[in-house]
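Next up: just one chain, as structure tokens, the form predicted alone.
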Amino acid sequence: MGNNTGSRAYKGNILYSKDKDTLISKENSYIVVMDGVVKEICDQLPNGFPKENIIDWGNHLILPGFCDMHVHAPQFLQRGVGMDRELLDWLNTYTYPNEAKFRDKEHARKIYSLFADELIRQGTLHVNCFSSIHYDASEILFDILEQRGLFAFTGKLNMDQNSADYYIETTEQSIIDTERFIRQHQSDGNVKASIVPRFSITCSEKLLAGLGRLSEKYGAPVHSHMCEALNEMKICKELFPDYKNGAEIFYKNNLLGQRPTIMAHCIFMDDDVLELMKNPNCMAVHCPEATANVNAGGIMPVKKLLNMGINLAIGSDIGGGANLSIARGIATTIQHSKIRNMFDPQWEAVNLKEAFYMATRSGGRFFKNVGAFDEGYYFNALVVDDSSVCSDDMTPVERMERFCYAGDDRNIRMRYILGKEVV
């Protein structure tokens, strides 16, 4: 290992995904980290390794930080409200009035600070989030995510049609503000500017085309919703009769797969859409709690998409979801797949290895080198103390599973980003 003077070694029970079918478990082992980057995992440290550079977490679990790949930051205080409504009714009754409040910069600063605190508390160190249509509030969100050290994609939300008069923008101003936002945030930091059309119902063809040109010009990633709910898809077809489906609307306007593209929900995808989503630049985000709460009319066929090689991740979708815990999202993903299996038995239920992979390594693929502990990956990690609920005969994998089903943020003893403690 050469000179170990600047290295740190973190001892514990180490778990991470190699791929969707392989979960690596290293009991009582060390992760050796240099400058925030994983160098190796070993059973024993070499003679002479500085004792003061060993952080011994005993029997605790060491896991990769979670990835929440679809969440609405301004809906943080909207969690658990209006859950008896259908999607479009819920948006008009609760969401748009709530998001309109972010014209007030002080309100934005307060809520986005709480949002970032809760992400970290729940062990989410990598996030892909919507803001509101307001430029200043979007700047505040970007700055807060950066200040807290999170890895993130975020951008100014776009919507120029089919919204309330108090919460809408013109096509031209939406494009101007989006380009300004992207230009302002062209940097090598861990927070990246993205292009964020809310969904096709609230974006005109002219706006989508303009955003597609910006994505191409600046190489900016794209984040939106697609194929989410039956009523949404019906209206989408009425608004865009010249397109075969919702995916084609994005694809033909340069917003699907030409650059990294993260699409939430993706529940109702026909064969044409599935072919587009097999592009390695595309990712579909499963949001199980929100799917149930807002009644999308179906459940993502997660096992089918995994078997097809489509990139998948998990999202909390706050405020459609009511909890920012991606650990809980792992459990809910498995539960929902079992329910779907009852009605569509050709696809087996998702297993723990697959769901954990979605929440970590797969979810982190567009951030590069996060979500696992391979050599060269960033040491973005959680230390989980489950001593109050585990028994001596449980394996680390079983303990991780119990944490996802029965634990909470109180079990997370430490969070590291780039090898530094996050407090």
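Residue positions are given as counts along the sequence shown, with the first one as 1. Everything numeric here is computed off the predicted structure, so don't read it as measured data.
The next section is about a form of this same protein that is not shown, the form predicted together with another copy of the chain.
Checklist entry - in the predicted bound form, do L23, E248 and N307 all put a heavy atom within 4.5 Å of another copy of the chain? => result Negative, none of the three is within 4.5 Å.
Checklist entry - Counting only non-hydrogen atoms, which stretch in 143 to 151, 205 to 213, 157 to 165, 328 to 336 is within 4.5 Å of another copy of the chain in the predicted bound form? => result After filtering at 4.5 Å, what remains is 328 to 336.
Checklist entry - Applying a 4.5 Å heavy atom distance criterion, does G80 contact another copy of the chain in the predicted bound form? => result Contact with another copy of the chain, yes.
Next on the checklist: So in the predicted bound form, is another copy of the chain close enough to I201 to count as touching (4.5 Å, heavy atoms)?
Outcome noted: Judged by the heavy-atom cut-off of 4.5 Å, I201 is well away from another copy of the chain in the predicted bound form.
Next on the checklist: Can you work out whether R340 and another copy of the chain are in contact in the predicted bound form, taking contact to mean some heavy atom pair no more than 4.5 Å apart?
Outcome noted: Residue-level check for R340: yes, a contact with another copy of the chain.
Next on the checklist: My question is simply whether Y94 lines the interface with another copy of the chain in the predicted bound form - judged by any non-hydrogen atom within 4.5 Å.
Outcome noted: Y94: yes, in contact with another copy of the chain in the predicted bound form.
Item to check | Selected contact from V191, V273, L239, A292, since only one has a non-hydrogen atom within 4.5 angstroms of another copy of the chain in the predicted bound form | outcome: Here the answer is residue option A292.
Checklist entry - in the predicted bound form, which of the listed residues (A322, M233, I175, L87) lies with a heavy atom within 4.5 Å of another copy of the chain? => result Flagged contact: A322.
Item to check | Interface residues of 96 to 118 toward another copy of the chain, as seen in the predicted bound form [heavy atoms, 4.5 Å] | outcome: The one in contact is K101.
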